[in-house]
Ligand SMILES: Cc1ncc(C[n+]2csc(CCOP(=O)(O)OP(=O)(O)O)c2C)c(N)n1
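A single chain comes next, written as structure tokens; it is the form predicted alone.
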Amino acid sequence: MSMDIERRESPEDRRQPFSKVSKADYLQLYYYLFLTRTLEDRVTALYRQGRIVGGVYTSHGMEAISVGYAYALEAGDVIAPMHRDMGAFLIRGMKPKEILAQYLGKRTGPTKGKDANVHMGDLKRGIFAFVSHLADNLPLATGAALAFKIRGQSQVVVANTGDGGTSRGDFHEALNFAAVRKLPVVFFCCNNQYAYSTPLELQMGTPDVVDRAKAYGIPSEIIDGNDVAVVYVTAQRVIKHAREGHGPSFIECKTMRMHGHAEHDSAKYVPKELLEEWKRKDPILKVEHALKTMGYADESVLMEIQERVKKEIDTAVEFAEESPLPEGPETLEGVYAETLEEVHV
């Protein structure tokens, strides 16, 4: 039996997913892609100015994955993101000003100054706080999906990890349990071809990560992770599949990490020709081409969105810079849940 999820669209439809995305949605997807890129570029600049303590991990060149899957979710759904999912944080409701305040360690950030990195979340917005060690977030997502199924609720959980995360034991434990229990969870893999400095061929004996998920009987497929329309349309389909009670799915998104593992990493181990090849496949360039091809936007419309985003980020930086640092006693507040209601999803 084929492991691919049943599709009703024609092969031609699958080659041109942008034809299935409305103009309004496509422009919003572009807005979030550009917002994610611009926000992370500003965070990187602040880091290089020495104004951020700790590491900075960006999704540069991979923004289409988190933007695409998050845009397909409904209000009550939950995400268990990884460190390259800034687009998902934004779509789920976190504001750039909150995120910048987080990086600057300010009281107005999601952790109220207890951290100065991407280790943030908000259960009210359906965001589990990012767990450093990939793929620790996958068992977390599987547990939430089990809770939804036991309660008879229709929510779906989406988790994302990198290709390196799929080499850990918790990845396999999460997938096996989700498959056996037919849980409403969708696993995305951001295959950017390097686990820090280790290339894919030195991580696993199979040519594709998707083969690992297929071994557990999970419907799985490979998609272009640099095409936001492909990610969005695929996410819509597999999320619907999970919501209807058919169990988990696994989506491997082929992409490339265009910066180092973190901004302190020069990534000299990556061949220059490989980076040049993927630079031409930039997700923002792809969506701009699609918008123009479909007649949804011309250069003036794109420039208007870009200027709006730049002003939004400038305002967010000003807010974060003017926000107060936490007082000493505040570091002890909110470390543990004070009531059971606080831990309910």
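In this text, residue numbers run from 1 along the sequence as written. Bear in mind the structure is a predicted one, so any value in this text is a computation, not a measurement.
Keep in mind the form predicted in complex with the named molecule is missing from the figure; the text below concerns it.
Colleague: Pick from 72-80, 89-97, 191-199, 236-244: which stretch has non-hydrogen atoms within 4.5 Å of the named molecule in the predicted complex?
Modeller: Heavy-atom contact with the partner occurs in 191-199.
Colleague: Evaluate His133 for contact with the named molecule in the predicted complex, applying a 4.5 angstroms cut-off between non-hydrogen atoms, and reply yes or no.
Modeller: It does: once the named molecule is placed as it appears in the predicted complex, His133 has a heavy atom within 4.5 Å of it.
Colleague: Is Gly165 one of the residues lying within 4.5 Å of the named molecule in the predicted complex, judged by heavy atom distances?
Modeller: Gly165: contacts the named molecule in the predicted complex.
Colleague: Applying a 4.5 Å heavy atom distance criterion, does Lys214 contact the named molecule in the predicted complex?
Modeller: Outside the cut-off, so no.
Colleague: May I ask you to check whether Arg181 falls inside a 4.5 Å heavy atom distance of the named molecule in the predicted complex?
Modeller: Output for Arg181 is no: heavy atoms all beyond 4.5 Å of the named molecule.
Colleague: Given that the named molecule is left out here, which of Lys112, His261, Lys149, His172 has a heavy atom within 4.5 Å of it in the predicted complex?
Modeller: Looking at the other structure, the residue within range turns out to be His261.
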